[in-house]
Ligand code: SAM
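Just one chain is shown here, as structure tokens, and it is the form predicted on its own.
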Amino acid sequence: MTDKLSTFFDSGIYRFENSNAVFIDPVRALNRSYTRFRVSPSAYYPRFFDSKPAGEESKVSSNSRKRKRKEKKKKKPHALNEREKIADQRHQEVRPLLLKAHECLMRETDLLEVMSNLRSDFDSSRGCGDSVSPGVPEQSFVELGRVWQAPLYEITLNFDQCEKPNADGGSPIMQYSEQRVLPIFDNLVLNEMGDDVEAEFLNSRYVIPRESSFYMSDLGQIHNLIPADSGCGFNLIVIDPPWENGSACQKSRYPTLPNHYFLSLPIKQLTHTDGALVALWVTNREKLRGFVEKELFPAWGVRYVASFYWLKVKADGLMINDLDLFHHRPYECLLLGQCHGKAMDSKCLSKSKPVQDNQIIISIPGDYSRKPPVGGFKPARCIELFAREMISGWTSWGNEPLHFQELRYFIRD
């Protein structure tokens, strides 16, 4: 085994030599947050692993080619409008970088072999009884948070779980040294322990990573997270807004919000006194990019500094879509900006380490809209807004931060 592969198995990050690209296995990266549980690879990766039989694949390809030929006969060449021209220009600028990064991936035959098995659970002896079961309905926190009983809902955190022998010789009885019952909505729920905590809410169980917290609320309550002292603010703010888009609406995956709603996010007030790096996920729609550059970042007091790109591939290493497919690019963009804190001045800015532009993150996508984890695990105050999962050391805010924390997404270690 090469040193790079050995490092990858430990961290989930594979760095290509002389390249601005890395490959990430989000499962291994997320597992650094847990001590008693592991994220189930089979639950994380529901897509892009199953390959069609050769005959079926060729049949589908043949039908696809016939359909495209018919469409070409019917449709006249589409003339790009001004906004589409700008989007295409952005694409042409980043295209060589993405191709070069993809070539680096395809040359790493050892990594490609490992990628084909990323969906397999690391050790079948651990059992996978808590993995996702088809047909089991998920808890809708969005709907529960809207009902009048929402303030009355409570979550139970179970600390220091242990097994006590049954006096009758039956199955051991699970006991806890401490249980905390807390409001689950509009309240900061904290696990300050060095171990994962198993929690109970209604009829479901959840895993809360060590030294993490979540605040589950709608947009109107986010101001409760603003610290009284900016010295307790955040150094890294990751934001994955539910942008309005046709795909999310058609598939009813999650509720979206109009762009102007995000102008009210208190980014400046959440920023640490020494400043914060703001990382914003955006789609490839040019109208959205223009909104972020001209309205959103200025309203937040954020200065743009760099762009990262997430290139999505399948288990065989091929891109999930053709790179030049106009409305379905196989990549998304992470815009990085700097928000000044109260203690920052021109001297601080000159000393701060610059963020390298045009970095490429390659990974196999997980569930719909689920992003790979970004940011290191160094001592820093980090928060994710519109979060749907939790990370050790982070605060997660949104109306469903426990979405991917349900026990069925994990394996007991």
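Values in this document were obtained by computation on a predicted structure and should not be read as measured data. Just count from 1 along the sequence shown to find any residue number.
One more form of this protein should be noted, the form predicted together with the ligand, which is absent from this view; the next part is about it.
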query	finding
Per-stretch contact check against the ligand in the predicted bound form, the hit in 106 to 114, 217 to 225, 177 to 185, 318 to 326 (non-hydrogen atom, 4.5 angstroms)	217 to 225
Of G290, P255, P151, G231, the one that lies within 4.5 Å of the ligand in the predicted bound form (heavy atoms)	P255
Listed residue (G275, P242, G337, P330) with a non-hydrogen atom within 4.5 angstroms of the ligand in the predicted bound form	P242
Heavy atom of Q405 within 4.5 Å of the ligand in the predicted bound form	no
S369 within 4.5 Å of the ligand in the predicted bound form, heavy atoms	yes
Partner proximity in the predicted bound form: F23 to the ligand, non-hydrogen atom cutoff 4.5 Å	no
S392: touches the ligand in the predicted bound form, heavy atom cutoff 4.5 angstroms	no
Residues in 270 to 291 with any heavy atom within 4.5 Å of the ligand in the predicted bound form	none
